[in-house]
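Below you'll find only one chain, the form predicted on its own, shown as structure tokens.
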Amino acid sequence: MSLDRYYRDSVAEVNLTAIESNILQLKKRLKPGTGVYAVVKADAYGHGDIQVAHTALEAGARGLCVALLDEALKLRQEGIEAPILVMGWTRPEDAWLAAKEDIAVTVFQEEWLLEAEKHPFDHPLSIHLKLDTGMGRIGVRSTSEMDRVLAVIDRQPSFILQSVFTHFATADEEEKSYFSHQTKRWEELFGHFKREWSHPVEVHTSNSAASMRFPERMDHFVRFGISMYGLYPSTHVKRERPIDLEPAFSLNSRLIHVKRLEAGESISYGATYTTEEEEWIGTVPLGYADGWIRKLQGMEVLVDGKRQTIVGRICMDQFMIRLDQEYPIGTKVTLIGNQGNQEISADDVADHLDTINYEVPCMISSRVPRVYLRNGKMTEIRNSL
């Protein structure tokens, strides 16, 4: 395979072998016959949608889930023929294009169907009916809404109801009362559906947390998202550790400048950090334009297997760290990942930002090249610039 080039010292590495291992572990935990749909929305959570999609399908995933029709069309344009579901909103006037490309769409409104059928269909449209059992985002919330939606689907030959699904808001939490509430609501709505709809459909209700924690409750397939990338959906699930996930994403750079400062010298915009004694300061060529945002001031990185602290405000393209000693130009700096027996995880970064680990790989911008590894060997480089 020919490799693209990049000309900077900051790079994100994506371990495709880890993604494959995470999928295979989940498949072993699920009951026989339950399939896996790999969630590759948002550029596969910042990992790379095309590369991850191919890896997931090779590992046995039955299909792919995205959030936008644009994301689905990109997968088709790259030659991926597996089933694809758009889990978010698709404009009704674009439904014919989804049908043409054999892309399933999420539906939950009678008005959407009435508008969509105004546009001629040369191919049938696969529909997944979304039921809102307590997430409060999108979905049918009542039996009367459902009846109106089903009536339009039933009379329109171009509409094929393929699946019914929902999403659990608290499947990753220790307290199960709201999960039980949603489960009961699902049973009520789905029970009504089964009485009103005689044709066979597939069912999928479970995200990463539910599929790992409650494998015996799974339906035709599960939607494997954050944990496919080796990240647990919550600290509680991480403590439970139903499967041993391997993180796929790491972020590294290098020192491009090292200097010794006397006491009383200030660093970066606003002079928010001033040395109290003689210090070694290193400069790293990565900044908030790369997704390493200013709130990460004070975060630690790894140099020579030791933790070093970011000092001063993070700039658009660079930040500075306080070093324990002088290091040569070109010394590796790990922002996410392992050095020696030390690790800085996406969870550590998320804790510093008071957010969730989902956000961390997503926020690393496309101008950071992605290097793809299989069994420790580089197979591809994606440089978006």
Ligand code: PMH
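Counting begins at 1, following the sequence as shown. Remember, it's a predicted structure, so these values are computed and weren't measured experimentally.
Separately, the form predicted in complex with the ligand exists; it is not shown, and the next lines address it.
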The ligand contact in the predicted complex: S253, any heavy atom under 4.5 Å: no
Partner contact for F224 in the predicted complex: the ligand, 4.5 angstroms, heavy atom: yes
The ligand contact at T133 in the predicted complex, heavy atom, 4.5 Å: no
The ligand contact in the predicted complex: V52, any heavy atom under 4.5 Å: no
4.5 Å heavy atom contact with the ligand in the predicted complex for all of S10, V284 and Y288: no
Contact residue in the predicted complex, from K27, K41, R322, H352 (heavy atom within 4.5 Å of the ligand): K41
Residue (of R137, R148, K100, R294) lying close to the ligand in the predicted complex, criterion heavy atoms within 4.5 Å: R137
Stretch from 297 to 305, 204 to 212, 241 to 249, 274 to 282 whose residues place a heavy atom within 4.5 Å of the ligand in the predicted complex: 204 to 212
Residues of 45 to 61 having any heavy atom within 4.5 Å of the ligand in the predicted complex, listed in sequence order: Y45
